[in-house]
Structure formats: structure tokens, C-alpha cells
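Take a look at this one chain, the form predicted alone, written out in C-alpha cells.
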């Protein structure tokens, strides 16, 4: 049980680290892009002539929901594997 449990914990840590890094990069991408590329970020986009900065900002909402969904789905699978592992050890 020890090796399988360590493998599951390592996978969980890797997922959390990757999702956190992506979220930070996406979040800090907005102020950085506004700082370094103000002409592009203030230009109107094809979507209702909203500036690219506002479009990027609004995309952070669905991005958060997608990350939560990915985390929830993977952790649900992780919990099932952990439950099987614990039940197999108890038997």
C-alpha cells in the first residue's frame, strides 16, 4: 500500500502545482501584458469592439471555472482510487 499511496500523493501534488502555476501565469499575464504591450491590449478586439485587456480580464472567470472542474474531476478519481486502496488494505 505504501508505494501506491505515495504515487497517488505525488500525482496530486503535481496536479495542484501545475494548476496553481497556470492560474498564476494567467492571472499575472494581464497586468504584465498591459504594462509591456499597452498598444495591443488597448486595441479593440473583433468581439463587440471590447479592448483586448477587457477580453482577457473577462476570460479569467471561465478559466477559473475550468480549473476548478479539472481539479474536481481528477480529485474525484483520486478519492475512488484511495478508497479502493484503503479497502484493499483492510481486507
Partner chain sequence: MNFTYFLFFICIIVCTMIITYWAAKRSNTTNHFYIAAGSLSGLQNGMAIAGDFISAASFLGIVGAIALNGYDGFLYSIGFLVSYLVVMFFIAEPVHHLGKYSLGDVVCSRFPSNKMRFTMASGAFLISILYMIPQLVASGLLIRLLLNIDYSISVMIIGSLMTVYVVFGGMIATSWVQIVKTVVLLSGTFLLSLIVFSRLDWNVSELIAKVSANTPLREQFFMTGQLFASPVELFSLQLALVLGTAGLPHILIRFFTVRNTIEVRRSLVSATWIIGVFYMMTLVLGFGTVAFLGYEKLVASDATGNLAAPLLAGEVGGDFLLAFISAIAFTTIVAVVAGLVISATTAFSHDIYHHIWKKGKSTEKEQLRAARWTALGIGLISTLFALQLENINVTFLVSLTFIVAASSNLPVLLLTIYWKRFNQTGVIAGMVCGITVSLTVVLLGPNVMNPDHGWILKEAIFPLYNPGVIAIPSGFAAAILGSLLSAKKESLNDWQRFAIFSQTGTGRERP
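If you're wondering where the values come from, they're calculated on a predicted model, not measured in any experiment. Residue numbers count along the first chain shown, from 1.
Another form exists, predicted together with the partner chain; not displayed. Remarks below refer to it.
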Residue contact check: residue 23 to the partner chain in the predicted complex, 4.5 Å heavy atom: yes
message: Although the partner isn't part of this model, could you tell me whether residue 61 comes within 4.5 Å of the partner chain in the predicted complex, counting any heavy atom of the residue?
response: yes
- prompt: Is residue 81 close to the partner chain in the predicted complex, meaning a heavy atom pair under 4.5 Å apart or at it?
  reply: no
query: Looking in the predicted complex, any heavy atom of residue 14 within 4.5 Å of the partner chain?
result: no
query: Which residues in 52-71 have a heavy atom within 4.5 Å of the partner chain in the predicted complex?
result: 53, 54, 57, 58, 60, 61, 63, 64, 65, 67, 68, 71
